[in-house]
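This document starts with one chain, in the form predicted alone, laid out as C-alpha cells.
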C-alpha cells in the first residue's frame, strides 16, 4: 500500500533516541504532526533493546555526567512517580582495580567526586569480606601470570548506577508519545532522504549545484513522506541515509555481545551484603580485558559482556550474531580466575547488537547537519543512559533555542554536542 503523506516532523528510527526525541518534540509542540517511521516491527528492535540496560553517572567528562545524571533522575521519576515499570534497580557500578590502576584513575575519580557523585572506595580486605566469590590475589598462579592478570586491591562503587530493562524503557517512550497524539509507522523502511531545491523549477536533474537545497523528507518502502523537518535517529544505520547526500554521521558501527548465565553455582552473586539495597553484586567491571557483568534481578540470571575495543573491527552488520567461541576461548579464561563460580559454565542464551561509536570523544552528537535536517546519534554505547537528555536537546535545537533544560532544571548549551561549535571533554573514565 502506498503511503504518500506529509507531516511537520519526520523522525527516522524508533529506537531509544528516536522515541525520546519524538516524545519531547510532541510535549513542546502538541499541535505539530510528529511521525516516527521504523523498518522493524516494533520499538527498539534495531539495537536499543539488545542493550545490557545498565546506567551510571560516573563519568570524567562534565558533558557525559550531565547527560547521564539527569536521565537517571528521569528514569526514577518515571518509575517511582508515574508508575511505569522499567525494572529499574540501583544495584550500583563496581570497578575492580589493582593499586596501579587505581592510582592511574585517581585524578579522574577526584574530579568525579567534586561534582557530588556518590562514590565509595573499598580496599582488598573489605572486598573479600563482602564478595566471597571474588579472588583478589594470584600470587603463585602461573596461569594468571601468563594471562597478565592484575590483583584486586581496590573497588570503586558508584551508587547512583544500576540496571534498567531497555525494552520496557523504549515501550514507555512509545506509550507516552502515542498518548500525546504522536504517530508511529512500523515496517516502513527509509530508502533515502529527499534533497530538494528551495525553489523547484521542475527540471530533470534537480537539485543543481547552484540551487539552494534542503531535506524535504524521505522516500520509503511505502511511498514519499514530505516533512518540514527530518530527524535522523537511525543508530548505526544513520550513515546509509546521511552519507549519500554528503553528510557525516561521525560514528562507526562496532559489534557488542551479551552472554547470559543461570546456574545454582552463581547464587553467591545474589547474596552480597553491604553494597546495595538489593543484596546482590553490583554491575562489575574486572581489572582485565574489559570484561563486565551484572546480576539480572528479574530473571535471576547473570548478563556478561566485554568492551573489546582493540581487536574488534568496525563494520555495520545487518543481523549481528553472537560468537560462543568468543566467550569460551577468550572471556572465560579471565572470568574464572576472578570468579571461579563460573568454572565450566556455558551461556544459556546470547545475542549481539551494535554500538554507534564516536571514536573521537565517546560523546553523542545532536546537530542540524543541513537545512531542515537534525541528526541525533553516535551515542557510543551510552544511548540508554543518556536518552532523555538527548531527546530534550534535540527538541531545543528544533525550537531554535541555545540551551536545553534537562530534567531537574539544569541548563545545557545545545551547541556543546553539535559539530560546528562542539565543546566536550574527551572521556577519561572508560570501561
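Positions refer to the first chain, counted from 1. The structure displayed is predicted, hence computed values, not measured ones.
Keep in mind that the form predicted together with another copy of the chain is missing from the display, and what follows is about it.
K.L.:
Decide whether residue 146 counts as a contact residue for another copy of the chain in the predicted complex under a heavy atom distance cut-off of 4.5 Å.
P.N.:
Residue 146: contacts another copy of the chain in the predicted complex.
K.L.:
If you check in the predicted complex, is residue 248 within 4.5 Å of another copy of the chain, heavy atoms only?
P.N.:
Because a heavy atom of residue 248 falls inside 4.5 Å of another copy of the chain in the predicted complex, the answer is yes.
K.L.:
Taking the shortest heavy atom distance, is residue 289 within 4.5 Å of another copy of the chain in the predicted complex?
P.N.:
Contact with another copy of the chain, yes.
K.L.:
So, in the predicted complex, is residue 331 in contact with another copy of the chain at a 4.5 angstroms heavy atom limit?
P.N.:
Yes - in the predicted complex, heavy atoms of residue 331 and another copy of the chain come within 4.5 Å of each other.
K.L.:
Each of 208, 312 and 422 near another copy of the chain in the predicted complex, meaning some heavy atom within 4.5 Å?
P.N.:
Verified in the predicted complex; spot residues all in contact, yes.
K.L.:
Could you work out which of 221, 321, 271, 359 is the residue within 4.5 angstroms of another copy of the chain in the predicted complex, going by heavy atoms?
P.N.:
Here the answer is residue option 359.
K.L.:
State the residue from 265, 252, 111, 171 whose non-hydrogen atoms include one within 4.5 Å of another copy of the chain in the predicted complex.
P.N.:
So the residue touching another copy of the chain in the predicted complex, by this definition, is 252.
K.L.:
In terms of non-hydrogen atoms within 4.5 angstroms, which of the given stretches 35-43, 49-57, 369-377, 64-72 touches another copy of the chain in the predicted complex?
P.N.:
Correct option: 369-377.
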